[in-house]
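In the form predicted on its own, a lone chain appears below as structure tokens.
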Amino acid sequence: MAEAETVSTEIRGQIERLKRGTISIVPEHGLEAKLAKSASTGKPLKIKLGLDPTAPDIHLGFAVVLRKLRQFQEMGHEVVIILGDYTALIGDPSGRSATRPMLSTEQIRENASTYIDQLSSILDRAKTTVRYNGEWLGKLDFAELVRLTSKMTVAQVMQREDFATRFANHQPISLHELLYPLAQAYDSVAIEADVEMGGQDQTFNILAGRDLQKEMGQEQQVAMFMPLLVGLDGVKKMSKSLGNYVGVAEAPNVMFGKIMSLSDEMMSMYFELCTDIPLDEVSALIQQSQSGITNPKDVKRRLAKEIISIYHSSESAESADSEWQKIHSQHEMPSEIPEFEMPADSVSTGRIWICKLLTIAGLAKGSGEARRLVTQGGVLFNGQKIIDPSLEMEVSDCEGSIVQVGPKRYIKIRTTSA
């Protein structure tokens, strides 16, 4: 009796930890039953995450799910990453208004290799099994595929909002797209998954895995849905293609600067989903910043340091904090400034127009933007503000000079003759 109570108490603690930042668990009490069964049999659960290796750079939004998988690993369970080399040939149509381009086998394998390396920065590699769904999907002959399709109806597939919307708008839906949720569901059958993790945009696909397992006589997996982390723009989900992301492999100083650009309203979500700080402490920090007891900037610095410590080290986090304060609070130049080598044609003429310099150095998108930066007082040359957009400078005088645009961007000029 005492042992049963201990196990129950332990499971309750695990449930509380796993529910943090989780939108929903289907069925609601299914996870508790799975954990209890694992505890009684001593057999670890198989926790599935399916990935199409189409964008191998891992950012904080993607890490929300990976960090939850790591929690399962710390509880003794096995994580199975399904890299969809076959499903990537289809392309996940979730949330798409048009058919997604199919990737080549070479692109898929290259992306998959990068994925595996980056996953190891968060997951315990010893408790992570990586599988390619081509192992089982590639072995299905046409007759087996037809039998598999009999387990799912067109009506079920058309319940997906994206398909329904495209159909209503008379937009094309290719037959191969209808196979995607079935193929992903079959992954759960192939590995006999106990739990499948995913973002809320994967709801249909993951629940389809539960349905197919039932149809094929297996114990159904539990579905756990994670929120989609809003990106730095505060509007859309974090995405590399949208440029509103914080990459986990980015340099600490870069990560720190990006996190400090978050709005104050977004801090609570990032604390909850991207750090391990207890939620009661998070609540106190946010309340103090809102009441004026603590400067919101200092709370955000704490957030940035906590996140950077996870992916780099506490020393790197402190160093990034010091560098940020040096530049933004103390208005000093950064310790490391990227160098820009003056093009040979500029050196040969002996002079260079300031707007051309800003453009070719990547500090402005074009001469029009460069002119605006200068006239608005946003350009400093060796600490002196430049106000004349028609200024031309002797190249020989530029060697070793520091050009600053705004509060964050610097270059040190090198001439090709130096």
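Being a predicted model, the structure only gives us computed values, none of them experimental. Each form is matched to the other, and the largest set of C-alpha atoms that superpose within 1.5 Å is called the rigid core. Note that residue numbering begins at 1 and tracks the sequence as displayed.
We do not show the form predicted together with the RNA, though everything after this point is about it.
Closest heavy atom of Gly366 to the RNA in the predicted bound form, within 4.5 Å or not? Close contact exists here: in the predicted bound form, Gly366 approaches the RNA to within 4.5 Å, heavy atoms only.
Does at least one non-hydrogen atom of Arg372 fall within 4.5 angstroms of the RNA in the predicted bound form? Looking in the predicted bound form, residue contacts with the RNA include Arg372, since a heavy atom lies within 4.5 Å.
Can Ser261 be called a contact residue for the RNA in the predicted bound form at 4.5 Å between heavy atoms? Heavy-atom contact with the RNA at 4.5 Å: present for Ser261.
Even though the partner isn't displayed, in the predicted bound form is Asn295 close enough to the RNA, meaning a heavy atom within 4.5 Å? Answer yes; at least one heavy atom of Asn295 falls within 4.5 Å of the RNA in the predicted bound form.
With the RNA left out here, work out from 58-66, 41-49, 27-35, 389-397 which stretch has heavy atoms within 4.5 Å of it in the predicted bound form. Among the listed stretches, the partner-contacting one is 389-397.
Can all three of His170, Ile173 and Gly406 be found with a heavy atom no more than 4.5 Å from the RNA in the predicted bound form? Contact check passed for all of His170, Ile173 and Gly406.
Selected contact from Ile327, Ala112, Ile122, Val282, since only one has a non-hydrogen atom within 4.5 angstroms of the RNA in the predicted bound form: The residue in contact is Ile327.
Could you spot which one of Glu265, Glu318, Glu161, Glu341 gets a heavy atom to within 4.5 Å of the RNA in the predicted bound form? None of the other options qualify; the answer is Glu265.
Stretch 58-73: residues contacting the RNA in the predicted bound form, 4.5 Å heavy atom cut-off: None of them.
Quick check on Gly406: with the core superposed, does its CA move 2 angstroms or more between this form and the one not shown? Result for Gly406: yes, a 2 Å-plus shift.
Note yes or no: does the Cα of His29 move by 2 Å or more between this form and the one not shown after the core is superposed? No.
After fitting the rigid core, is the C-alpha of His170 off by 2 Å or more between this form and the one not shown? Yes: His170 shifts by at least 2 Å between this form and the one not shown.
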